[in-house]
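Below sits a lone chain in structure tokens, taken as the form predicted alone.
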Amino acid sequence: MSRVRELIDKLDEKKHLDKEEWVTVLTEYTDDDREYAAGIAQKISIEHYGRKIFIRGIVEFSNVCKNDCLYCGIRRSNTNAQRYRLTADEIVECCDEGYELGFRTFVLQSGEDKSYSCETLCGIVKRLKERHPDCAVTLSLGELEFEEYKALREAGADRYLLRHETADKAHYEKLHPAEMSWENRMECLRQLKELGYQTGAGIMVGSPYQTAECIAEDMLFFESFKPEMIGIGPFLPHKDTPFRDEPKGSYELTLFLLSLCRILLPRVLLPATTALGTINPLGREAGVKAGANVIMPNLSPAAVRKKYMLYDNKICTGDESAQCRGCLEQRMKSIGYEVAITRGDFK
């Protein structure tokens, strides 16, 4: 038995590897090892959640952002981005349409756009919870103040997604401008947990300057922080950023990490991301077979979808929500899974 396979078995049994062991797994794995991990991960996922895929309807309601992250297509320095903002009524309408299509979780996502006051955002959350009390509201609005997170939680928000991007401070500083702080990102995640949100963290696989040691730190962070959700997708460059010429992240490593996350945290909610479907036409199906159990189609108005472009060539920007939903159902059926009409909470 290969050393990597031994370590995968150890992870399955003990739910822990040390940093050195993680580096061994990440640098020495073969395709056979990856498939071995996927087999274990898929079995664990089915054990906890059955052959059900939870769908989350994303509403990307603003692509205005005060930040200047070096990898992101909606960074404030990108003068080519066509900026837009949806009104509160438009956001609620998107979710109403999603409800008719069977979505029971809405993800409200935007750049860090300070034109929406905390009061406005709380108002939107309250309206959604009043109209659709059987639904979960997930927010992905970046770094806010503790009082804002608290107000949104009290308004009814259930979950919050905030990718930590990297657990290695020096690496974080190579991906972000000087005014952004790794310590603040980590503090925000701790605050979200403290307030009782189901909290999501995550990384880009193959982001510039990322090493096996960086990812080992990420896996140790996942183990200690125990997020309810982990978002992992391959890094994809955007033509209007400083990283435009950097290579894409590895599709295979992304799938392997999905499996390792499932083995490490058996009940985690694990999306097969849009980026995975962008890098490979069957990427989301492969993600599910590697242990993922969540897919997040787009409910934003078709007119604005192409403007929320964090990376180049993003899929599904031209489809109506109903098309996306129907297509997804068929795709999941083709690999023996069904789309569940449910909130799909962390167990």
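Note that residue numbering begins at 1 and tracks the sequence as displayed. Values in this document were obtained by computation on a predicted structure and should not be read as measured data.
What follows is about the form predicted in complex with S-adenosyl-L-homocysteine (SAH), which we do not show.
Scanning I263, L236, C94, M229 against S-adenosyl-L-homocysteine (SAH) in the predicted bound form with a 4.5 Å heavy atom cut-off leaves one residue, L236. Among the residues F222, Y71, Y197, Y116, the one placing a heavy atom within 4.5 Å of S-adenosyl-L-homocysteine (SAH) in the predicted bound form is Y71. Look at 133-141, 81-89, 94-102, 150-158: in the predicted bound form, residues with non-hydrogen atoms within 4.5 angstroms of S-adenosyl-L-homocysteine (SAH) sit in 133-141.
Not displayed here, S-adenosyl-L-homocysteine (SAH) is kept clear of Q191 by more than 4.5 Å at the level of heavy atoms in the predicted bound form. Looking at G206, you'd find every heavy atom of it more than 4.5 angstroms from S-adenosyl-L-homocysteine (SAH) in the predicted bound form. In the predicted bound form, S-adenosyl-L-homocysteine (SAH) lies within 4.5 Å of some heavy atom of Q109. Using a 4.5 Å cutoff between non-hydrogen atoms, A38 does not count as a contact of S-adenosyl-L-homocysteine (SAH) in the predicted bound form. Along 295-319, residues Y308, L310, Y311 each place a heavy atom within 4.5 Å of S-adenosyl-L-homocysteine (SAH) in the predicted bound form.
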